[in-house]
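The chain below stands alone, shown as structure tokens; this is the form predicted on its own.
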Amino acid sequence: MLVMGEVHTGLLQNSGEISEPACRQVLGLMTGETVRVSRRPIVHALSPDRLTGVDCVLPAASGSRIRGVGTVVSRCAVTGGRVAQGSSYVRLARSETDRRLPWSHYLARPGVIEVLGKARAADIAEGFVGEGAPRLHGCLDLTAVTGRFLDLVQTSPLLNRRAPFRMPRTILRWVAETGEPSIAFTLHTEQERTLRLTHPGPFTPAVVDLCEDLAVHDWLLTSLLVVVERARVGATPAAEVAARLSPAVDHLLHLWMPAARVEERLTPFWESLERRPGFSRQWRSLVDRVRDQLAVHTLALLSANAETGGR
């Protein structure tokens, strides 16, 4: 069994953190459906699932034309009133027929794409997350599906679109298969990452939760690294450095809570990533650097004020 998905993560387009009621309104994109909100250990709001019907070519490393018909499940989330995510996924299943059935058949199986004809799961997985895999015309495009849904949230009239700093979205493309537990996270570009996950037992939405949690913390780490680089510590006056670092304190540092929303049976995957590449180790190092710079700047101001007052 193969499951494929994408998670897009970015800064919510608002000048400040939005409240829980505002989260419900921003994510209330489907009339009559409920936005789910959890308050501990951090406020997390999740939109209702949205289905997109597809009749497309599936990605394949071999370049084979593999047809799939079914529906993509998409959802959006806001974490801490500050970070927005769009997420889509599909489960692949072999069709019992070689022809397309009425849409009512596929709508009864949300999030499942039925594969028409012969196909190997490994070929599709490599085509989806592998570098340099061919992309045929009409290929399944989760990037477009996910991006459009997230755009609906980011352009909500409830947001003032005055973000405190500019930061590009990151895209995590992931595949999950059944087998002996393993996880491999790879950075490809400044914005693109892939995740290969193998786990025992059947697929559940908890796997999607894990991928979304990983994606939000990867974005936080990437964003803090960019903020520190933009501050040009050592090459810029201390006051300017402090001004460039302060948005990180206001909007990012309090959001770091890896695996807080991950099912206990899946936490070993997070623990593996904490050992290598070591997300929290790098995060703590950056946080210490930010706080040290702000402390040095504060001490310099206090010293200058003391000297002025003593004259």
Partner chain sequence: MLVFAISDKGGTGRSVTGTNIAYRHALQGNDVCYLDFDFGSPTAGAIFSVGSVARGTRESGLHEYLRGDCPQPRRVDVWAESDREGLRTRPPGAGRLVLLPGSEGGGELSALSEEVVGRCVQLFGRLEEEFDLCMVDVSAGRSFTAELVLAATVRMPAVPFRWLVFHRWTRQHIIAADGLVTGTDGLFDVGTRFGHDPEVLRDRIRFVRTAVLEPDAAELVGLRDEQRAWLSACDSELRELAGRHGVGRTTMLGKVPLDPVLQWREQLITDEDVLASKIANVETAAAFDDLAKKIVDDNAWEGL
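The structure presented is a predicted model; accordingly, all values stated were derived computationally and were not measured. Positions refer to the first chain, counted from 1.
Absent from the display: the form predicted in complex with the partner chain. The rest refers to it.
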item: Per-stretch contact check against the partner chain in the predicted bound form, the hit in 177 to 185, 98 to 106, 75 to 83, 142 to 150 (non-hydrogen atom, 4.5 angstroms); value: 142 to 150
item: The partner chain contact in the predicted bound form: P110, any heavy atom under 4.5 Å; value: no
item: 4.5 Å heavy atom contact, M167 to the partner chain in the predicted bound form; value: yes
item: Residue contact check: E131 to the partner chain in the predicted bound form, 4.5 Å heavy atom; value: no
item: Contact test in the predicted bound form: Q13 vs the partner chain, heavy atoms, 4.5 Å; value: yes
item: The partner chain in the predicted bound form - contacting residues of 59 to 83, heavy atom within 4.5 Å; value: none
